[in-house]
Structure formats: structure tokens, C-alpha cells
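This document opens with one chain alone, in C-alpha cells, the form predicted alone.
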């Protein structure tokens, strides 16, 4: 198996989403202590800070792209309509989710399982892709964040 980095088009399972970063950034209130999902603690005070989602999610804009999930092969990790923030400057490591192509076929989103030489579809209704020694895996980028509407 050989993993190489490329920059080429995506398949019908993914849709490229253009983005632009302004110089000013947009800052929103951020509560670093989080919020209790169980019983609230009256002793906790909310300490408001400011957070820029641009700085948090798009810190490397020249090597970052965003794609929209259009298929169900990675459900329930990824849902149709999720926006994936992908970094093209990172190496794909074991258990990472990447935008990948096998032997120059269409790009898809899958999880790398190096020990079993598989590209794993998290949805059991979809087959995993077995990687043979002669296969060439093209990695467009590694998924680092997702944005999902509730």
C-alpha cells in the first residue's frame, strides 16, 4: 500500500464548500468551563471569554478545505449534510478519517485501519475497502473537524 497526496476533484459522495476568511474575524462568547449535561452546579460561575471559530477551525486556511457529506457510508460518525473541515497538510495516520481514492477511483470519505489494511466504512451496511500491496491510495486530506446542524 502506498499513500500519496493529491489535489484533484471529488466524487458524488462529497461536495466542495468554498469559504473565505475575513481579516477581522468573528468572535463569539465562549464559556471555557462548559455546561453541565446532568444536574447543574449552582457553584459554577460562567466565565465568558471570546472565541473566533475562524482561528479555532481554520487556522491553516491555505491547506484547509471544506466538503459536505452526501452519502451514508460513514453513518453514524458522519451524517448527510455534515460539513467536514479537512487539512491537506497532515499525514493520514491509523484510525484517521480521510478523503481518499484507491487506484485513481473517485474520492470518498473513509477511516484508515492500518493493521487490517482497510478503508473502513463506519456504517455496517457498506463494505470496507480492502487495500492490497499494489494499491495506490491518494489522500486529499485528513478530516479534523465537523459541523453539524441539530
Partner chain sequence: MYALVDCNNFYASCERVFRPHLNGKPIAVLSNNDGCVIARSNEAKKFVPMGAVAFKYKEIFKQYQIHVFSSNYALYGDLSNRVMNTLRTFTPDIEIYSIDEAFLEFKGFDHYDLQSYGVKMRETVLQHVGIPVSIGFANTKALSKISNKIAKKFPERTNGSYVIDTEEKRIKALKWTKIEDVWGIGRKFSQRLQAKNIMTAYDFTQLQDSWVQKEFSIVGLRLKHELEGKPRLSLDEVKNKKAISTTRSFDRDISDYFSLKERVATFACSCAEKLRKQDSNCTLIMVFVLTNYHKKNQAQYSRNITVQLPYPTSSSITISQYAQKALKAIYKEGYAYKKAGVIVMGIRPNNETQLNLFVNENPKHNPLMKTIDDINRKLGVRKLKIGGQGLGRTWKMKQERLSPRFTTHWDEVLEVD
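Residue numbers count along the first chain shown, from 1. Please read all numbers here as calculations on a predicted model, not as lab measurements.
Just so you know, the form predicted together with its partner chain exists too; it's not on screen, but the next bit is about it.
Interface residue remark: residue 94 is not counted as part of the site for its partner chain in the predicted bound form, having no heavy atom within 4.5 Å. The closest heavy atom approach of residue 66 to its partner chain in the predicted bound form falls within 4.5 Å. In the predicted bound form, at least one heavy atom of residue 83 sits within 4.5 Å of its partner chain. Taking the partner from the other structure, its partner chain in the predicted bound form has a heavy atom within 4.5 Å of a heavy atom of residue 89. In the predicted bound form, 99, 101, 104, 105, 106, 107, 108, 109, 110 are the residues of 93 to 114 with at least one heavy atom within 4.5 Å of its partner chain, listed from first to last.
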